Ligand SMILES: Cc1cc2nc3c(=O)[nH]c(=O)nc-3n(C[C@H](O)[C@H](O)[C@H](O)COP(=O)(O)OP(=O)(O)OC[C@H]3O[C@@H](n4cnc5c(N)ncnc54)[C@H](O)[C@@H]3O)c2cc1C
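One chain comes next, on its own, written as structure tokens: the form predicted alone.
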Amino acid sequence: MNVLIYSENDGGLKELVTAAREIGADSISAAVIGTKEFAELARKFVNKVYFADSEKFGEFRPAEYAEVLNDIVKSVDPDVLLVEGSPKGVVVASILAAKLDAACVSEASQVRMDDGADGLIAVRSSYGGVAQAEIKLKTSPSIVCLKPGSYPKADEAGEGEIEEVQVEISPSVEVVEVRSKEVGLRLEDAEVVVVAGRGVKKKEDLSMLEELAEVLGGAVGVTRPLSADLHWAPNWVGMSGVAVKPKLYVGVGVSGQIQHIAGVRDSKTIIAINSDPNAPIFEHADYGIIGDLYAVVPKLLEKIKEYK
């Protein structure tokens, strides 16, 4: 089986390599639309890198990136294309799928070969995260966008070849203005993740959790209601959101519904802070603190700072 992977960053690339290996890829290639440094890193994990220098394309434009990938797909002729399910990756994959008339599944958390070995199965959440759907893809290539954090990062496997791809692109849009956005530590890359649940009363109170995450060297996330309903953050932690596998997970005011637990259960250590002793999260926690988060978190901060 010939698998082509595409990611914008090294963490995503390593996860896609793991996924490709698990479905039994005979050959793994990587499409790199980026820097030569990224291509050099990618070659340590795959058999071959198809490199297109992103400086030649200017600012990110999905249609142009999809055109580059289209040319690479024609050259590689992969059975499967695995794409990191980032916002940029998903939009590029969808445009490419239309060009190739290929099946495409987004927000997948797992991919595997069908038992009959005649198709690929992608697993993704359904019905708002209360169920999982298994989708069989029958086209070649089949395109699957895997949610960041779904797979562990792969180890290096050698020194693959780099082939530079020359593609002439006519810009389809004019970029009028570009505004940079401050990007902190990604939740899926953080070794410590502090998550706010519905027990947090106001958006302003997230600053208390941000301070806790800062002293622990981690990142702050929220549950689905705080993101989808209250719009406190663009993404949420859980089965239908961002899956995390940190060394330490701290759930603050998180009840622990099954959809959320499914996205954090691979955490090495789970700490729960909740005033309800019957909260489901305590069934999954390694350590539980029953109490008012507005009293517990400041005290926890005080003790951590004293220790440090």
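Numbers for residues come from their place in the sequence shown, where the first is 1. We call the rigid core whatever largest set of C-alpha positions still superposes within 1.5 Å between the two forms. Just so you know, these numbers come straight off a predicted model, no measurement behind them.
Form predicted in complex with the ligand: not shown, discussed below.
- Query: Closest heavy atom of D292 to the ligand in the predicted bound form, within 4.5 Å or not?
  - Reply: Yes, D292 sits close enough to the ligand in the predicted bound form that at least one of its heavy atoms falls within 4.5 Å.
- Message: If we define contact as a non-hydrogen atom of the residue within 4.5 angstroms of the partner, is R224 a contact of the ligand in the predicted bound form?
- Response: Contact with the ligand, yes.
- Query: Wondering, does R198 line up within 4.5 Å of the ligand in the predicted bound form on heavy atoms?
  - Reply: Residue-level check for R198: yes, a contact with the ligand.
- Query: With a 4.5 Å heavy atom cut-off, would you call M239 a contact of the ligand in the predicted bound form?
  - Reply: It does: once the ligand is placed as it appears in the predicted bound form, M239 has a heavy atom within 4.5 Å of it.
- Look at the stretches 25-33, 275-283, 40-48, 62-70 and give the one with heavy atoms within 4.5 Å of the ligand in the predicted bound form. Selected range: 275-283.
- Query: Quick one: which residues from 253-276 get a non-hydrogen atom within 4.5 Å of the ligand in the predicted bound form?
  - Reply: G253, V254, S255, G256, Q257, Q259, H260, I273, N274, S275, D276 sit within 4.5 Å of the partner.
- Query: Superposing on the rigid core, does the Cα of D276 end up 2 Å or more away between the shown form and the other one?
  - Reply: Yes, the C-alpha position differs by at least 2 Å between the shown form and the other one.
- Message: So that I can tell if V91 moves, could you say whether its C-alpha shifts by at least 2 Å between the shown form and the other one after the core superposition?
- Response: After core superposition, the displacement of the V91 C-alpha between the shown form and the other one stays below 2 Å, so no.
- Could you tell me whether the Cα atom of L226 shifts by at least 2 Å between the shown form and the other one after core superposition? The answer is yes, as the C-alpha of L226 shifts between the shown form and the other one by 2 Å or more after core alignment.
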